[in-house]
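Included below are structure tokens for two forms of one protein chain, each presented in isolation as structure 1 and structure 2.
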Structure 1
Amino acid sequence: MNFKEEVIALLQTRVDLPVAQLRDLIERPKNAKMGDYAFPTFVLAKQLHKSPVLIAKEIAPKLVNPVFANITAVGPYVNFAINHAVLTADTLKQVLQLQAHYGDQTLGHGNIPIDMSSPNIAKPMSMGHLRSTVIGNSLAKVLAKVGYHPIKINYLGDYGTQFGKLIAAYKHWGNEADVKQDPIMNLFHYYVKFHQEAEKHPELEDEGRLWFKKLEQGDAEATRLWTWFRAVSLEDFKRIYHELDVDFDSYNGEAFFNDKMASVITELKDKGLLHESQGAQVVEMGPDQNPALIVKSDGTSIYLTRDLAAAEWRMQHYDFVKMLYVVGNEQGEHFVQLKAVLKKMGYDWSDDIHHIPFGLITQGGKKLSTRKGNVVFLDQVLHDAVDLALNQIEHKNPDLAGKAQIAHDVGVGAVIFHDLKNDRLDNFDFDLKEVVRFEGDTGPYVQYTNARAQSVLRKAEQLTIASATDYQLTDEWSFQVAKDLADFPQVIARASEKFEPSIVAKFALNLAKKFNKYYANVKILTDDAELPARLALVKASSLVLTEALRLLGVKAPKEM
């Protein structure tokens, strides 16, 4: 039962407002003792020529529904208190019937390509790549749960001037034997050295640009080196994606669209949108706005040119209803220009393109930078997280079977959860020891709560339990858990509409806290008439915690 919709339906019998507006107006009282839902009457004051307080007093007594224990006027609000027994019984029946499909809904349909992760070849994946990867992966799972078909695209950074610089660096300081021995780290060191040397010898920048121009023109040596660098990079990336349990539907990177840019440039010319400016080709964006650079003065293309070609190709091949770019906040202007140029080209589907920005991960308050060599490598972080998880498991449960796999699921899950529990746009500092703690607002805390619920259910298997038909529970602790369980479908809907995985992560934390209070205050395995209902609550809690973690890309071990 959707209790918010019950509130709306009841209000419609007495209030002349559209359903959509009522849905936006309904609030949750800050103090749970005041009720479960509240309708602010301020919006009716002008219409009814009465004070909001008087309106609330007049409306409340006329609203009757057995789903609600009481409906009262509190100042300018009409507050609705749900009948505890009704909510608990109805919610438990739904969760146990639908199991992992609880919360499934159809909010839309069609393809949604998600441009995500997208590391640059010849550089090790760093913590800077984590956010795009795990946010995109979680959004794909959430959108699939509400009816869409996500298509995960790893738009590899495998083209651009930086690869000319890398080739120049390899020619100066590299050798084949070293790259074969440790491909990614050696290529990375060449790249860092190039920028260090270029500060003393600026002519290196020209050399890098020349090598990139050769690559664009199909020079055999440039192409051979670039192909080699890409192959060894992708092999290393896939190893780390396996650790994160993230897969992709496409690895078409920037280079894939290299032969598709000419037609975009021709199209812009034919539509009268391309203009020369200081030797470069640009699209004017309007007064007080920077023009969109399409072709540089040296004749080479830029990122925007390739993104225009990619957007057109994706629409032709995927016929998407929305397309998401999970890319850092600092790229905001780029996506404003991308959408604006597509709109000028006559493509109204540009309105369905959404930039999903996110903040930075810092360490010790400092931004991580690949160019300066100040970088934290993602595979090392994951390895250390697993070690920390294993140490805690050894201390808490030394006889646990399958410790290595559980430690992996907990350690990697801790890193993912910590990222996703933060509001997407927020910057946050990363401290691994805090992230992998089994207490506090962490992924391991949620996983441990679920394992605790599973432990209760294993113990219950030894008891003879009558089947429950009505799941009647009367204590306040069970109601607080059931109320969160009832909210899960709305939580998923909000996360999908706002493209915000933190909504699911915060829900999981809150549910875990309420379940642990229930566990601490109620003797669950007492053999009495309510035992079947209490076990139903435990099982429902585990089902929903497991599904919430799955939507975040985090495993839910049954023992820890």
Structure 2
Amino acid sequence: MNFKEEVIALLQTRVDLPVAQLRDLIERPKNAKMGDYAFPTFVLAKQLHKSPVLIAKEIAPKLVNPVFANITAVGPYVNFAINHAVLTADTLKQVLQLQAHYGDQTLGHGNIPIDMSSPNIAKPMSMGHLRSTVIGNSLAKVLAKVGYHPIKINYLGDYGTQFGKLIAAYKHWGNEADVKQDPIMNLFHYYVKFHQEAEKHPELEDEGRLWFKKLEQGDAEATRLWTWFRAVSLEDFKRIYHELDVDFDSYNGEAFFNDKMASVITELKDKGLLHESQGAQVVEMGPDQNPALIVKSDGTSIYLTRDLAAAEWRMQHYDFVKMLYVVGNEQGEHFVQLKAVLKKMGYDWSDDIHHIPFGLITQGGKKLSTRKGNVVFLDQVLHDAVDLALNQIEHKNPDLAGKAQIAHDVGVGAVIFHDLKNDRLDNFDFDLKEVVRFEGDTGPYVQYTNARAQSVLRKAEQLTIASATDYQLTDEWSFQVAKDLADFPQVIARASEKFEPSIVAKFALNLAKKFNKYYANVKILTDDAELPARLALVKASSLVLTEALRLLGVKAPKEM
């Protein structure tokens, strides 16, 4: 039941205003004690030649609908208070009927490519890439739930001048056996060493440039090494994706678009957009703004050019309705330029492109930087999280069957949840012990709450329950839970419109808190007439918690 629509229908019997206008006018009173909806009568003053206060006083007593416990005039407002028992019963019925499909809706159709994760070959995946992966993965699930078809694209950083440096470094200090044994770690060491050595021996930079040039020209040795580095790196990344249970529809990275840039450059030229500036080719961005660099002075192409080629290719192949780039905030200017250049090229679909930025993760207050070697190894983070989760399970529930799998779901889920619970633009500090706590605003807390609900349901199976026709509950705790459950569809809609998984995560935390209050204050498993209704509340809570976690990419074990 949509209570706002009920308010509108009821008002229409007494008030001469179009539905659309009523829909805009009706508000949520700031103070919940004043009711759940309010209709401000000011608009009617002219029409009726009466004061708004008087109008409210006259209308209120004439409005009657058992869905509302009371409808009262307060100053110039008519306030509507929902009948708690009706809301609870109605919501429980819906959730139990639709199960995991509760909250499904159609806000749109069509393809939405999501450019996400996109780590760089031969470097450890960073915390930033982890953020991109889990935010992108959650957005894909949220967008699918509201009707779109997401396409998860891993735009691997598998091309660029840094590969020239890496090849040069490998030639100096590398050997095959080490790379085979631990690819990312060793390739990364070569790369870090290259930067250290290049400070003392700048001629190394020239060597790097030369190798990149060779790579661009298809030199056999350069190509062999690059192909090998790419393959072993990807294998490593896939291990992490497997841990996170994230998959991709495409791994078309930067290299895939290499041979597609020339036509973009020609197109820019033909459209009269390309200008020479200090030996480079640029597109002017207007006063006070940096020009967009398309071809460097040494003739090599750059990041932006490849992204232009990729965007055009994706439009041709996916005919998208929107496209998202889940990439750190620090690349903001790049995406402003990408959109602006596409627009100048005459592509109106540039407006459907959204950069979905996110904040920085620090550790002990310090910025993490791959280049400086101040780096967190993600597989280690996940591994430690699972260990911590296992410790807590050993402590709380040592006889639990399938401990290893559950510890995995809890540990990995904790890291994902922690990443998604804050507004994505917030910066935050990463402290693993904090992340994996079973209490507080954590993933394990939500999972634990769900497991608690599941345990109640298991116990209930041993009771004989009279089947309910109507889920009447009258206590205040259950109403608080039901109100959250009723909000779930709108929560998903908001998360999809703002591209903000934290809306779902915060919802899950609140619902968990309210469920735990209910659990602490009400004796659920007492065999009386309300038992089926109470169990319905427990079941519905578990269904919605599980679905909210699923939308975040977090598992919901039935026992913990």
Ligand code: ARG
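Here, residue number means position along structure 1's sequence, counting from 1. As the structure is a prediction and not an experimental result, all values here were calculated from the model. Heads up, when I say rigid core I mean the largest set of C-alphas that superpose within 1.5 Å between the two forms.
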| item | value |
| --- | --- |
| Label of the structure corresponding to the form predicted together with arginine | 2 |
| Core superposition between structure 1 and structure 2, C-alpha change of K50 at least 2 Å | yes |
| Core-aligned CA displacement of F80 at least 2 Å between structure 1 and structure 2 | yes |
| Rotation angle of the smaller rigid part relative to the larger between structure 1 and structure 2, in degrees | 17 |
| Between structure 1 and structure 2, how far the Cα of E6 shifts once the core is aligned, in Å | 3.7 |
